[in-house]
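Below, in structure tokens: the form predicted alone, a single chain.
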Amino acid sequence: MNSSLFLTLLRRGAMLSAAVLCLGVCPAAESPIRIHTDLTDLLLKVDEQGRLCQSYFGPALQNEQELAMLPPGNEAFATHGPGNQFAPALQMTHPDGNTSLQLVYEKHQTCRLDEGITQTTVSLRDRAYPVEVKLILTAFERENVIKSRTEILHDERGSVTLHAYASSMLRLQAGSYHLTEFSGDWAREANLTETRLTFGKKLLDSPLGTRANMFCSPMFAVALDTPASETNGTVLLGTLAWSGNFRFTFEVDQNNELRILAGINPFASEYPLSPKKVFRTPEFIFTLSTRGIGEASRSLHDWARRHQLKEGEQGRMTLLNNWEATFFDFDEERLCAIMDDAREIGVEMFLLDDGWFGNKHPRHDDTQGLGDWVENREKLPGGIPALTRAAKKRGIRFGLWIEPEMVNPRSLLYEKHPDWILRYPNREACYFRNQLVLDLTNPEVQEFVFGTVDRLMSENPDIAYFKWDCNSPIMNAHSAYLGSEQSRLWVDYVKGLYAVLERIREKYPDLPMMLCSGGGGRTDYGALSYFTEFWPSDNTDPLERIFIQWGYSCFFPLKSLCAHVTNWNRSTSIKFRTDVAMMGKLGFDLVVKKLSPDEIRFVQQALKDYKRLRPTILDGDLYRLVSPYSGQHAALQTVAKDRSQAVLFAYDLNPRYGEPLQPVRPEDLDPDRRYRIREINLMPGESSRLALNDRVLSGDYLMKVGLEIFSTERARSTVVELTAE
């Protein structure tokens, strides 16, 4: 079995007898069930009533013999039924109308999937009905990350109806709880807001379907006892690997215990489950840190690069996009001229954006053509093949924008297949950006979407990249294909999408793709197992992007965040815009010919430095040093794993005149090594204003004394390379 297929199966939770070491099936849990990483323990026990309980969740315990001393605790996966007074993790109605469920422990098994990865499956059964629930927890020991999901199966005489079906239930005990959410709207995504949780419920959820994350990202942080800090305190980071409706429930009870339920949002989604069919929930991914959000972020970044993000340990291409240069107005000659610009500045790929398709309904604006994925003969007489040849001739790669889940009413696809569109019968359609959503619960539609990508790749094997967009939430939630079972729509749509993406990944395993959804409308690890990167926001104003990228960096490695230099906020310099975009997967989307000769020389050198430093920026450890939320400055640093190199990004936003400035202290340098300090990304002819530029100082000095790097100038940036000598 090849390694890529093995990893694919591991992601799905497959139990391969030839590849895993199982430690035996335990019919009774007399000793704790231990889900363990190098830094965290989650202990489950069975109480006298046979219920599975959460005995402990916290820093890893050193003495295994002492685990038996811990009391069982409270129920680990509470259901709707006798005795439960709070929100249930699982609720169903049996065919006879009984709405209760009472689960007891049956057995568990722990298997080693790979070096440092164990998976524990705990089987629970109902006392009176033939219902089985499996809790599946995967521990990544080195990365200090745990994944949790559930499987639900029954053998009743008819379908059961699932009303709530969480992936995980965690219990926390502390004096106080401080929730950080990541919310906003289009062009202001992932804003951090911290709230203290008190008695009762707090929900973070989405009912938007395809563009589920438009207002709220499926991720959170909970700090115990004190507000969240980058470097101190106990913090839980959690996120859901699901590209649809989600819900996190935070419930503080009368004893000040917090329970967290994470999973698919059951809104309008009562799910009928037939006998012997398995309902699998998405994975809830979490990490617990006793040293603040920063350590937790680095754990998630390491885990994602090694185990979840497509091509997570491989490189990323710089690119030039044509969108802001041309919008819909282009032809072959104009695109080739932009490819010349791409070659001149030194990027590795040209990306053709929206507007290249449609003939009966040519794509001259966003009102028509969507769904007709055939090159527009007037704009592109030579089609995509001519463009891929032109790119190859210039020594660059070629990428293409698609939006295959959507359709315009003015399109051949809509005319031919009105039954393929999500739309309420007997109602006027509600349009979002002049488009509707295709019904991916329908296997014929899944075949069409896969076929769109497959045909483009088969006819144009030199396509090196897709930008996969998804601009509309589900505004008309009715499927002709599902008939009377409309409550399956929100769940089955995502399953249909994943079925398509799985086929694409299997046939084109080395094809990079950007996950875009009108900005950050899809930002989840479920989709990112199929995509190499995502588009955090359509807002590329660098002053705003500092905040947006800061928020997403709490959960996602920088190599997954696309960051482009554009024409947004031209009051800022090309240097400032580039310095902000270098804090991610760098790209450009501007008119190169409007740059001055000095600006072109600056971009060329910045790209050379970025490519040279790319391993440290994209694969190094990230330290968020100075938060833009705490004042008018921000600083971040990436450090190579061997601590031989670091890159420090510092930004002045809108400082006040004469305000006192504090030094920036790098972190995680080797105190015994000496580092050369060199400011890079200077404009031609500009000299560094960094007092210690080109000096060599110890890591100890730099971490304790720091660098005088901030100024009182608006939108000023400094990038510093630290190299061990």
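Numbering starts at 1 and follows the sequence shown. Note that the coordinates shown come from a computational prediction; the quantities given were computed from them, not determined experimentally.
FYI, the form predicted in complex with alpha-D-galactopyranose (GLA) isn't displayed, but the following is about it.
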property: Heavy atom within 4.5 Å of alpha-D-galactopyranose (GLA) in the predicted complex - the one residue of Asp302, Asp353, Asp372, Asp492 that qualifies; result: Asp353
property: Option touching alpha-D-galactopyranose (GLA), based on a heavy atom within 4.5 Å in the predicted complex, out of Phe448, Tyr465, Tyr129, Trp323; result: Trp323
property: Proximity of Arg433 to alpha-D-galactopyranose (GLA) in the predicted complex, heavy atoms at 4.5 Å; result: yes
property: Residue contact check: Asp469 to alpha-D-galactopyranose (GLA) in the predicted complex, 4.5 Å heavy atom; result: yes
property: Residue contact check: Pro542 to alpha-D-galactopyranose (GLA) in the predicted complex, 4.5 Å heavy atom; result: no
property: Partner contact for Pro473 in the predicted complex: alpha-D-galactopyranose (GLA), 4.5 angstroms, heavy atom; result: no
property: Stretch in contact in the predicted complex with alpha-D-galactopyranose (GLA), which is absent here, among 498-506, 516-524, 303-311, 386-394 (heavy atoms within 4.5 Å); result: 516-524
property: Complete contact of Phe576, Phe710 and Glu713 with alpha-D-galactopyranose (GLA) in the predicted complex (any heavy atom, 4.5 Å); result: no
property: Residues within 4.5 Å of alpha-D-galactopyranose (GLA) in the predicted complex, restricted to 387-406 and counted by heavy atom; result: Trp401
